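Take a look at this one chain, the form predicted on its own, written out in structure tokens.
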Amino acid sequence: MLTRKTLIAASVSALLLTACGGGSSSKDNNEVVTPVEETGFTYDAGDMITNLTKEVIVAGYDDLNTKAEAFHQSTLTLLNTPTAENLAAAQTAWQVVRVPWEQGEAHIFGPVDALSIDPHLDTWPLNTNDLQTLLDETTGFTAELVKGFNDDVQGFHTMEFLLFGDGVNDNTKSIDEMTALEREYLVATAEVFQGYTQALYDAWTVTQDATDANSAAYQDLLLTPDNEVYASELGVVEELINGLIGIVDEVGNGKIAEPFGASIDATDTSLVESQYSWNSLADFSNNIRGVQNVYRGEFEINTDETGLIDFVTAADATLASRVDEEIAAAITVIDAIAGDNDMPFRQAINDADARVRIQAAIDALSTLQATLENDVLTLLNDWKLN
């Protein structure tokens, strides 16, 4: 009976709409009701979330952990056989493991934050005074000992300083300049470092709380939302978009703009991250390549997987293409800062011509950040979840 009454009511309503023609309908022959035009878009985010979680985020942490282990082995080789070739190999291994870490800063949420992995691995600036005091007053460095030190004397930049020197005039360090105690500290720090990358990978794939074997792997929270962290797929997608906004903001307004200063007389090289190895521009570029990985859903370039671009396309194909172009443009202008003479960032901020290129990078990142904040994040308001 209820079905019949509903059908009757629907038929009456349709007749009224037809009688009144197109734009409005009448109710009780008095009140004019304007039909509400349906807005919004639909998109099934399941495949996108699965791909980004497994093939971009978890695959990235797996890569980081594998390269951290290779780096640790290179430092052991350097400790046991201190040659120029082995020093160069360890320097290269440091630059290699830096890539997945910097790209992973595009999704720096979850265990990397909850377990304080970020400060353990990448605290900047380095406390060179305390580091030198430790080298002057301590012997017998072990992983257990280094792990108890403050974050500003361990991690990426401690190892960078030991491997490359102070970076003021060059980013090379001869094997004769490296003491046996520095090699010992380096190995211990590399072992601690790899322990943290393993913990990060395990938190995503085994259990997010190492003290509770029953806690879920963090990846499961993204793959099956409706849990204590993500109420729905909307929460996961919001986290992913905010991750992109966060790193674009950090690169443009922090890593580049702060040492760049308001003028050439207001630069501050002490704020340049990765200045010992002159790896700064590679860091910035890889940060935005990480954004591209999440947006395109491709950990390996041109694999044509599902990423945030598909979510944006479902709402606005023109916007989706524009965001992709703005990401690519930001990478291009960052890579161009070095110029024809491969100038490192710490020198570029004090070079008039290079400063023009740096400003172009800041502008491109500002444009991308505004688009992500104003045009992409706001799409969540129009998304009609299934």
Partner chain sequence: MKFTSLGSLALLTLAMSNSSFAVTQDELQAILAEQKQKLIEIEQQLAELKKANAEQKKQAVLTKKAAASHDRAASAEKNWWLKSYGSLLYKSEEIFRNTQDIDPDRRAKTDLERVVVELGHKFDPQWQIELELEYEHGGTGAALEYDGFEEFGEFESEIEAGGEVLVEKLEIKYTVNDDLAVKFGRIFVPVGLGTELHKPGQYFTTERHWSEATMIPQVWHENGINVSGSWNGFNAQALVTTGLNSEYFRSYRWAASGHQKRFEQVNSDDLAFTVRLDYGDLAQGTGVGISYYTGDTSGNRNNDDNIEGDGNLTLIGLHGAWQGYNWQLRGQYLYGELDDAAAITLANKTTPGLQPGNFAQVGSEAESAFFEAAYNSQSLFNLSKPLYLFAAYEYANPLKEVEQGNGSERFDIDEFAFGINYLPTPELVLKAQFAQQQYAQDNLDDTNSFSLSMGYYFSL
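Note that the structure is predicted; figures quoted are calculated from it, not measured. Residue numbers count along the first chain shown, from 1.
Although not depicted, the form predicted together with the partner chain is the subject of the following passage.
For the candidate spot formed by Glu55, Ala360 and Ser366, no residue has a non-hydrogen atom within 4.5 angstroms of the partner chain in the predicted complex. With the partner chain left out of view, the stretch that reaches within 4.5 Å of it through heavy atoms in the predicted complex is, among 77 to 85, 92 to 100, 171 to 179, 111 to 119, 111 to 119.
When the partner chain is considered in the predicted complex, Glu137 lines it closely, a heavy atom lying within 4.5 Å.
When contacts are judged by a 4.5 Å heavy atom cut-off, Glu228 counts as touching the partner chain in the predicted complex. Contact check for Asn127: a non-hydrogen atom falls within 4.5 Å of the partner chain in the predicted complex. Not displayed here, the partner chain is approached by Tyr218 to within 4.5 Å at the level of heavy atoms in the predicted complex. In terms of contact with the partner chain in the predicted complex, the residue from Glu305, Asp152, Asp202, Glu238 that brings a heavy atom within 4.5 Å is Asp152. Here is the short version: of Phe299, Phe71, Phe156, Tyr276, the single residue with a heavy atom within 4.5 Å of the partner chain in the predicted complex is Tyr276.
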